[in-house]
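The chain below stands alone and is given as structure tokens, in the form predicted alone.
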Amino acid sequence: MVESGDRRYGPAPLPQPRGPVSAALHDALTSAPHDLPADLASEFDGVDPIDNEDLQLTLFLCYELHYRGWRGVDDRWEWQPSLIALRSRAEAVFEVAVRALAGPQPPLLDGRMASALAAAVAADDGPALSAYLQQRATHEQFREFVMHRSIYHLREADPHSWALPRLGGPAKAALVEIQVDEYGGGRLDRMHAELFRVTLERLGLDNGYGAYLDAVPAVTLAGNNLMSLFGLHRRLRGALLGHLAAYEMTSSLPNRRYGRGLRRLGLDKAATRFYDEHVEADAVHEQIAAHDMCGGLVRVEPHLAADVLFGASAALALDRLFAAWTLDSWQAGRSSLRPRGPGAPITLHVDEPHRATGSETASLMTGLAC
């Protein structure tokens, strides 16, 4: 059983349920491993999985057992057969929806994987959340953004590290090169998760692992669950590398904007170091990811080309949904986080919520959804 320790590093306490399935799973996890009802996943039949709070939290509850576990939850739940069956049903529904969202992938011409990835990134037309954060976001809105991102950034490299034992040759070497930087070259104070923890502190936020799980909506969980789905299935190793490549190829400019946004709000160098570090590092990682990692994989396993492009397209598509959700919320003068309780929406602590004009909206709708 996982007991509480340094809460900065996990495990996190179980988040509150969001529907009948996550409630049943939550209750089960507080006891010794036992069989779950066989028909539990039938609740997900016919739902839109990407914005379904119950399904996304159910998947997150299952997936986290493969990461830090849950505080007070028996580690033997990780491979309990009926829990794996529930997870499989939920993620099958999720995967179908993600594939539909990503759309069909174009054929790869002459093995030019880097060019195909660049074309996918260039075609992305999501709202530029990063431009809004640089130019207009209030202190409270930036805090919200960081709360959303904390779910990923406090375990930043971990989902993609699932690919390491499933690769060989040039793709593996390239992934190791990227991941070494993410983990700070083995120095705790340089690990990207640690740099982000400082950003949380400077913004007056909780730096505990999973501290904001109850606050973030389904669309935030879905982006994190996508990485776990790809990472925990060997058949999706190509999609996992494509996902990482898309992140690296769309990272430098948004991170530059995030740093500028924090400086505009009066934050210090320690607060912006996480973002400043990514500006330079990810400019290098972009080339490694596209040419050496994904290109190297497809040279060895050419049948995985479509999977790589699917992973990249899926990453971009879910980031577009997240960016649209966040900007729509702010432009309507409401929080992008979940209500604190039934019927009690979170109110932004700003004097006059900004609503974009027509020209501003057109400007924000250009760029990457990062």
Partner chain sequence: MTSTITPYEDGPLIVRGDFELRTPDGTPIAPGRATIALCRCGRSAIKPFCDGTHKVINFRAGADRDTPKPR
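Residue numbers count along the first chain shown, from 1. All of these numbers come straight from a predicted model, not from anything done at the bench.
Here the subject shifts to the form predicted in complex with its partner chain, a form of this protein not shown in this document.
The partner is absent here; in the predicted bound form, the one residue of 124, 181, 158, 91 having a heavy atom within 4.5 Å of its partner chain is 181.
Contact with its partner chain in the predicted bound form, defined as a heavy atom within 4.5 Å, holds for exactly one of 82, 135, 287, 138, namely 287.
The candidate stretches are 250-258, 138-146, 233-241, 71-79, and the one lying within 4.5 Å of its partner chain in the predicted bound form by heavy atoms is 250-258. Mapping the unseen interface onto this chain, residue 194 falls outside it, with no heavy atom inside 4.5 Å of its partner chain in the predicted bound form. Among residues of the shown chain, residue 281 is one whose heavy atoms approach its partner chain to within 4.5 Å in the predicted bound form.
The closest heavy atom approach of residue 292 to its partner chain in the predicted bound form falls within 4.5 Å. The closest heavy atom approach of residue 177 to its partner chain in the predicted bound form falls within 4.5 Å. If you take 104-141 and check each residue for a heavy atom within 4.5 Å of its partner chain in the predicted bound form, you get just 112.
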